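Given as structure tokens, the chain that follows is alone and in the form predicted on its own.
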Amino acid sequence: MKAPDLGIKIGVFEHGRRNSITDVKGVKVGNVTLIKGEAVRTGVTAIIPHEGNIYKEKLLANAFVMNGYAKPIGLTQVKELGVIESPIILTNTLSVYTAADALTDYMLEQNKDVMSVNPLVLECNDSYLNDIRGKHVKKEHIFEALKNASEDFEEGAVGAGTGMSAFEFKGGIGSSSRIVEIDGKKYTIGALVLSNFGKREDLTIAGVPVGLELKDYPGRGKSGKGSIIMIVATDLPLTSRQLYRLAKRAIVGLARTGGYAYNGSGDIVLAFSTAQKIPHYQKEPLRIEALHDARLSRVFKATAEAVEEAVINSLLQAKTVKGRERHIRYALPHDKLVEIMKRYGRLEK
């Protein structure tokens, strides 16, 4: 269940058919969820940016780091060259190296003539619920997540989000989308987040101080520290420079949920456009189309809305999880949330 299903409207733009990052044509998402015994609560989420050979047909991209308490792999080259050339893997902090090795193998298998590749792996620390030191994510789990990627995928406490926490509730994978019309043509902006951050009192939903209202709800502990990874996809024709500007606006959406980028938080945005493909082998000058910067204000606002709702959806989609050392993260209680939103006059139905 997502925010609109509860009658919670975030922003002014309409969302796509799935209200998901996969509303951007060609984008697919796959999860592998690892739950074993009392302490293994982790997994992998794979984002495939388009259906072709991403190395041979790269996509324009850029990244913004709000707070760099993080261990990403591959962002340096993205910022230098302005393109992505591999799928994107999300997992836990100590599994990024296994994931990068697996993703490299995956890309080399597809491209027999390649001697170098830039795997993109981003992470959050799920050690509150998960035995992170056990390194339970293996290469085969990366391959499986890539293989089962599709337009329809689960959200919440699944994949990389299995052991994640948000605002001292259960967090994880969340997604949303927005449609913007420019000069009579409709474009899509999709966001997917891996939420693992926030103090309970900070949680804000559609302007309502939900966290303060639920500050005494069970499951407190390890507040504030954590991270969030935000992936923004769009079919808008944008340059790498413009995608950097777009990525920065994702932080506006994060802030509206109560994200403050505390000292121990890694807050990273990766944005890419599917509008045009950059061939790996081409001698002729590239011809890149892009919207004029003056047309981007609506795009920035829609991006912030998509990220804001994606964070809230990561909470709404998650179920209660018990994990390592009997730690527990309760799902955000829908009944109490509806009651609060009604009291503040912010429920549409």
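In this text, all values refer to a predicted model and were calculated from it rather than measured experimentally. Each residue number is its position in the shown sequence, starting from 1.
In what follows, reference is made to the form predicted in complex with a further copy of the same chain, a form of this protein that is not presented.
Under a 4.5 angstroms non-hydrogen atom cutoff, a further copy of the same chain in the predicted complex has L81 among its neighbouring residues. Among residues of the shown chain, R220 is not one whose heavy atoms approach a further copy of the same chain to within 4.5 Å in the predicted complex. Heavy atoms of H141 never reach within 4.5 Å of a further copy of the same chain in the predicted complex, leaving it off the interface. Taking the partner from the other structure, a further copy of the same chain in the predicted complex has a heavy atom within 4.5 Å of a heavy atom of D183.
The stretch that touches a further copy of the same chain in the predicted complex, counting heavy atoms within 4.5 Å, is 73-81, out of 188-196, 150-158, 73-81, 168-176. Taking A290, I48, L316, L59 one by one, only a single residue has any non-hydrogen atom within 4.5 Å of a further copy of the same chain in the predicted complex, and it is A290. Contacts with a further copy of the same chain in the predicted complex, taken as any heavy atom within 4.5 Å, map within 126-157 to S127, I132, R133, K135, K139.
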